[in-house]
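Have a look below at one chain only, the form predicted alone, in structure tokens format.
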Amino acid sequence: MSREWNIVVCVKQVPDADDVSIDPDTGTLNRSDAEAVLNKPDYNAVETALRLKEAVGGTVTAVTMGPPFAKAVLEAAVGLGADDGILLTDRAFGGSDTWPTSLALAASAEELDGDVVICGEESTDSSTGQVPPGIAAHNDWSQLTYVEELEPRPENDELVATRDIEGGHEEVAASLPVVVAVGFGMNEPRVAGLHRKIFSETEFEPEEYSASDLGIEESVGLAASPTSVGGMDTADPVEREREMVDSVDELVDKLQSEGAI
């Protein structure tokens, strides 16, 4: 592999969590009711990709899957500094869950001859965390998850990650090609520069890939998605007991009597 790496950063357009609703008939998110925004953890993914490029050289290509208006999140990534963007758009992708989604992203990463694929640890609209490991599994690539720090070692074609694990941290080295899922908040994302932002919104046009372009038209969409919603119900709010006290001393006495302190 080259010392300069082909870095692919996966970004996703998600509905604003304050406006999202669920279709009661299908059990899927009704995205048309909410403003579409860039998935918050993906800002950390883009920043990680840009820092990696600064360290080892190469290119950063943002990739997203969605309808034509999903171009907006590619514009955001290019505005932040990504070199280019790819839009996976096709009616065949409609209804895809994490399995065909990760398959499509894996196929695009392979098409781009990616050395490193960087993703946010999860998306705010589903929070499964399944797509980054899915990309690695489909391509039989190395993977690093819950990453808090990255150290590139281009002389060995590998990345060393500090991972967040229960009770502490661990350092893991992985050979390229590798898929990295970065922790939400692991870095401070940069602000898009004015000239770059103007370019992304006025001149940038992403290349588009369809399912047939990637050779996966029979393996995506709702029919190829193993996830199903068994049912939905609305949880009633729980009435909490409340008691007013008149002083701090009375509060302390009450907490002591309840065994809280």
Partner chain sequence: MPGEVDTDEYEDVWVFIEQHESEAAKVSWELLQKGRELADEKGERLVALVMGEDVSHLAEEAIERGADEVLVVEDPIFEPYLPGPYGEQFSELVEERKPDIVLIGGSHTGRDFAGRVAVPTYAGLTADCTELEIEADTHLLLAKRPTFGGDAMATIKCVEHRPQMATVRPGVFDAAEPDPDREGTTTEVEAAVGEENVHSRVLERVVGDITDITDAEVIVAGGFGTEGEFGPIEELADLLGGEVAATREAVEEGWIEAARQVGQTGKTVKPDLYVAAGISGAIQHLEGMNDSQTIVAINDDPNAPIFDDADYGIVGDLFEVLPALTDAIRDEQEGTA
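Positions refer to the first chain, counted from 1. This structure is a prediction, so every number in the text was calculated from the model and none was measured.
Absent from the display: the form predicted together with its partner chain. The rest refers to it.
Undergrad: So in the model of the complex, is its partner chain close enough to residue 108 to count as touching (4.5 Å, heavy atoms)?
TA: Although its partner chain is absent here, residue 108 would stay clear of it in the model of the complex, with no heavy atoms inside 4.5 Å.
Undergrad: Given that its partner chain is not shown alongside this chain, does residue 153 nevertheless sit within 4.5 Å of it in the model of the complex, heavy atom to heavy atom?
TA: Yes, residue 153 lies within 4.5 Å of its partner chain in the model of the complex.
Undergrad: If we define contact as a non-hydrogen atom of the residue within 4.5 angstroms of the partner, is residue 233 a contact of its partner chain in the model of the complex?
TA: Yes, contact at 4.5 Å.
Undergrad: Should residue 219 be counted as a contact of its partner chain in the model of the complex, where contact means heavy atoms within 4.5 Å?
TA: Within the cut-off, so yes.
Undergrad: Want to guess which of 68-76, 82-90, 109-117, 137-145 is within 4.5 Å of its partner chain in the model of the complex, heavy atoms only?
TA: Flagged stretch: 137-145.
Undergrad: Taking its partner chain in the model of the complex, which residues along 201-231 bring a heavy atom to within 4.5 Å of it?
TA: Read in sequence order, the residues that approach its partner chain (within 4.5 Å, in the model of the complex) are 219, 224, 226, 227, 228, 229, 230, 231.
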